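Next up: just one chain, as structure tokens, the form predicted alone.
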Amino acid sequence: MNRNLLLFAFVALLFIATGMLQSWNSALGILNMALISAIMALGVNMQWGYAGLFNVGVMGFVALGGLAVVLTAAQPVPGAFAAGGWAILGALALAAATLAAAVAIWRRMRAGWTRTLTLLAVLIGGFFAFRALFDPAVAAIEAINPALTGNIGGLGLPVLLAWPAGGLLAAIAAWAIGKTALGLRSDYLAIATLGIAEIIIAVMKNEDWLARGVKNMISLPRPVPYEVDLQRSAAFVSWAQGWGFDPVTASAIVVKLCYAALFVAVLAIIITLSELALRSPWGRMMRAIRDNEVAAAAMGKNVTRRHLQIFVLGAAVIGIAGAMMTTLDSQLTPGTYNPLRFTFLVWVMVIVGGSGSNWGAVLGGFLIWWLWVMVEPIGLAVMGAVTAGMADGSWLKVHLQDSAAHMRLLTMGLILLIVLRFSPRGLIPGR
């Protein structure tokens, strides 16, 4: 226990040192993203640390959480739903009915040419009927003021409701994925989840009617005050000047502190529930399934159903984190979702922190995100000191200074190697 406290104290000192040596504004910005990253790591840890599910589609669930913010909290686009919203809902319902009919035909009809031809007729007919409804509706919505909107908009609900909505949307997607992919072997499951995540990102980039695609959604609602509103408040300006702060800097710090308070509350709720679940009979059952599926199945446990359950729960947590991140940025930019940041880095957090350990995932989220942000400027400073005596313009000096931009990936690789060599179960190992 003392070792764990020392590890968290060391990470806290890193953030304090950042605030003292750079600025508290920067330190709080890093802290907020570290809190979100810790929640993402908790979601992956549920899937991998609890049940041994190798999900490489983290990026897709993060993106779905961000999409939920647009669909829930953004203001409705006037006339968009009337122009094509009902037709799109009808087309989606028709697509679902077509798939359900195809499944029923496959299960109930005898194998043979009759079943094959019937199945093809239903699928092809359903596809053309779907496109006949869907395409005109999309064109009508995207034609509405395309320079500023061109999308269906949202429900205009309070943005905090978008966070559980993000978890729900990711959970629904995880259920659909899990029903088809969880029967695969672990390596095939990884390939399947990665491919599905890429499909989700491709849909978000290309379906402008949904969330403007690569044109991005900006100025999304925030659950905290705007800096400019604080700066216009005479009471706030007087308070900031009374403490000797510049009102502009003070407003940025106050807003980040408000975000941090909300994120800490969410993290506390999730980790409390996770710890209670892990120590319950359900948690012991999940660890038994993770360690030996054959023995657990012999004891009467439905391994596939439990895998689906934990896969959905982990995806929901990741979706909540994705919604929180979009709210923090006040914008949805599908082009920024990439596997390096939203899959590989989260896995590094889980591995370094300790698979199967909730507190390890949180520690890994804080430590790895701080390193991800700070390694590059530290590398530039180190290379500047190393090359200080070299002639300006020399090939070696230019090469070394340019190499500092790659310090992030080098550092992540070194940390993984060091942890796997000296603490293969992570900094805070799970039971």
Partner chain sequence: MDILNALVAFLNFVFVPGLAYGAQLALGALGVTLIYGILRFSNFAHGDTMAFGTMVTILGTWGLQAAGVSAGPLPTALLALPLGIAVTAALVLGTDRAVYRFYRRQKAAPTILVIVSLGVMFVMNGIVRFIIGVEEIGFTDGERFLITAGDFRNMTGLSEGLAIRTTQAITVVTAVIVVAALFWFLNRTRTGKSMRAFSDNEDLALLSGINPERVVAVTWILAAALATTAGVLYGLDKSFKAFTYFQLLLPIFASAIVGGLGSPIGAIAGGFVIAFSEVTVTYAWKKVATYLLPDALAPDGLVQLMSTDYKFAVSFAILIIVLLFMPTGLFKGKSV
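Residue numbers count along the first chain shown, from 1. If you're wondering where the values come from, they're calculated on a predicted model, not measured in any experiment. Take the two forms, superpose them, and find the largest set of C-alpha atoms that agree within 1.5 Å; that set is the rigid core.
We do not show the form predicted in complex with the partner chain, though everything after this point is about it.
> Sort through 125-133, 309-317, 151-159, 237-245 and report the only stretch with a non-hydrogen atom within 4.5 Å of the partner chain in the model of the complex.
Every other range fails; the passing one is 125-133.
> Going by a heavy atom distance of 4.5 Å, is Val11 a contact of the partner chain in the model of the complex?
Contact check for Val11: no, nothing within 4.5 Å of the partner chain in the model of the complex.
> Within a 4.5 Å heavy atom cut-off, is Leu400 in contact with the partner chain in the model of the complex?
Looking in the model of the complex, residue contacts with the partner chain include Leu400, since a heavy atom lies within 4.5 Å.
> Does any part of Glu207 reach within 4.5 Å of the partner chain in the model of the complex? Heavy atoms only, please.
Judged by the heavy-atom cut-off of 4.5 Å, Glu207 is in contact with the partner chain in the model of the complex.
> With a cut-off of 4.5 Å between heavy atoms, is Tyr188 one of the residues that contacts the partner chain in the model of the complex?
Heavy-atom contact with the partner chain at 4.5 Å: present for Tyr188.
> Which residue among Trp282, Phe344, Phe81, Trp175 has a heavy atom within 4.5 angstroms of the partner chain in the model of the complex?
Result of the distance check: Phe344.
> Only one of Pro164, Pro221, Pro339, Gly213 gets a heavy atom within 4.5 Å of the partner chain in the model of the complex. Which one?
In short, Pro339.
> Looking at the partner chain in the model of the complex, which residues in 394-411 have at least one heavy atom within 4.5 Å of it?
Residues within 4.5 Å: His399, Leu400, Ser403, His406, Met407, Leu409, Leu410.
> Please determine whether the C-alpha atom of Ser26 is displaced by 2 Å or more between the shown form and the other one following superposition on the rigid core.
It does not reach a 2 Å shift.
> Could you check whether the CA atom of Leu420 moves 2 Å or more between the shown form and the other one, using the rigid core for the fit?
True for Leu420: a C-alpha shift of 2 Å or more.
> After superposing the rigid core, is the C-alpha displacement of Met374 2 Å or more between the shown form and the other one?
Moves: no, less than 2 Å.
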